[in-house]
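Take a look at this one chain, the form predicted alone, written out in structure tokens.
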């Protein structure tokens, strides 16, 4: 288990001022696996305490988590470099410490980039690596980097190992990861909740894992502390007028901020109706926060809920398909002044949802595609169309 060194939070909140430069060591209150048995997903609901931190947040904000690297990932890198981990290295802005400790706490030891390979080429004198870094070899470089990590490059281009300083010189600082906050501060005073999908996959014959998601899933539990700070997101906010309707599209872990939105509207007595689109793989295993949504529907604090479970039928079904099925009603909500929100995957989902929205405006509003795109630009400018995508 990982626990950062702490002082009395009530004292240090005043003396130090918790934030980006000095993350707060937040106690873990609870971790709950949201997926059912048999799911291909691993999604965690994590509750942290902010008591004594002096930090607050608004719904729509993100929480930055400062992870450490997994011990097995550190060990595999040390083996590849032919090092033991007790060697001393100088870490910028930290000081001299054992290499193994620095690899665990201070460095991004997985992200393979052209910059890292350039440093490795300089450290090893590898002609093969230098050739791959040449301008005319861009495609070869891109193909090599895809799916590989720094440990692979060390094995491939430093077969005789590396000196401790040379290895440490490859890395950038280990950055924090941002997660959309899944709670309202009014519904859970002194707490902050996250919805985290543990990233695990296999590439080039090796099992891989996400640094921060598996830090939270594997290395910490109730009673442990996690270094965090709040990252405001002023471009993802509820309407100032609580009577304005909202449409929320959040498949997978994109559901996180919308759990916060609905909780906040309940806590503030907002009268505006809410419509949620949620999607994942299987209804039985992957309906995140299902009981909460059903309770909101029963109480009327959620007016509509439409779900899309992509693997429950022969043809894939996604949230954008549900939007198109209910195009007339969705357009009517927009005409009433509803604000439209999207959270989740930027690479495909957000673009597909945008295209569906354009189609709805075209068909239901009698617009050309250019006019529909212009309408969405106007909505963005008026903060009626907001996205939190990653």
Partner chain sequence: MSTEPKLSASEHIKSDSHYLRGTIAEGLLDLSTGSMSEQDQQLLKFHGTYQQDDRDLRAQRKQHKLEKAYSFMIRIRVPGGVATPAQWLEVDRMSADYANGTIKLTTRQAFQLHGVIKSNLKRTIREINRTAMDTIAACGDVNRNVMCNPNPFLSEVHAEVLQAAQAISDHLTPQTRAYHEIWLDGEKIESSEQEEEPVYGRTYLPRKFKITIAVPPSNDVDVFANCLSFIAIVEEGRLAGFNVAVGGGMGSSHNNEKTYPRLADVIGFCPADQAVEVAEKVVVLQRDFGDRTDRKHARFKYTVDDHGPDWILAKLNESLDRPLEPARPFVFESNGDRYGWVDDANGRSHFTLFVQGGRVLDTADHPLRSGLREIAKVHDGDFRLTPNQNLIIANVSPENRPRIEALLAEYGIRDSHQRSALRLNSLACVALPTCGLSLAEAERYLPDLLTELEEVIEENGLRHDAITIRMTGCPNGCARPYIAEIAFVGRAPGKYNVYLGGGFAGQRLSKLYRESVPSSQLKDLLAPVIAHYARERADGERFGDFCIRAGYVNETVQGRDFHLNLKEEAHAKR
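Residue numbers count along the first chain shown, from 1. These numbers were taken from a predicted model, which means no experiment stands behind them.
Beyond the structure shown, there is the form predicted together with the partner chain, which is absent from this document and is the topic of what follows.
Of the listed positions (225, 285, 79, 104), a single one reaches within 4.5 angstroms of the partner chain by any non-hydrogen atom in the model of the complex, namely 285. With the partner removed from view, the residue among 90, 292, 146, 75 that has a non-hydrogen atom within 4.5 Å of the partner chain in the model of the complex turns out to be 292.
Contact with the partner chain in the model of the complex, defined as any heavy atom within 4.5 Å, is confined among 195-203, 159-167, 315-323, 232-240 to 315-323. Contact check for residue 83: every heavy atom lies farther than 4.5 Å from the partner chain in the model of the complex. Contact annotation for residue 33: at least one heavy atom lies within 4.5 Å of the partner chain in the model of the complex. Within this chain, residue 94 is remote from the site of the partner chain in the model of the complex, having no heavy atom within 4.5 Å. Among heavy atoms of residue 45, some come within 4.5 Å of the partner chain in the model of the complex.
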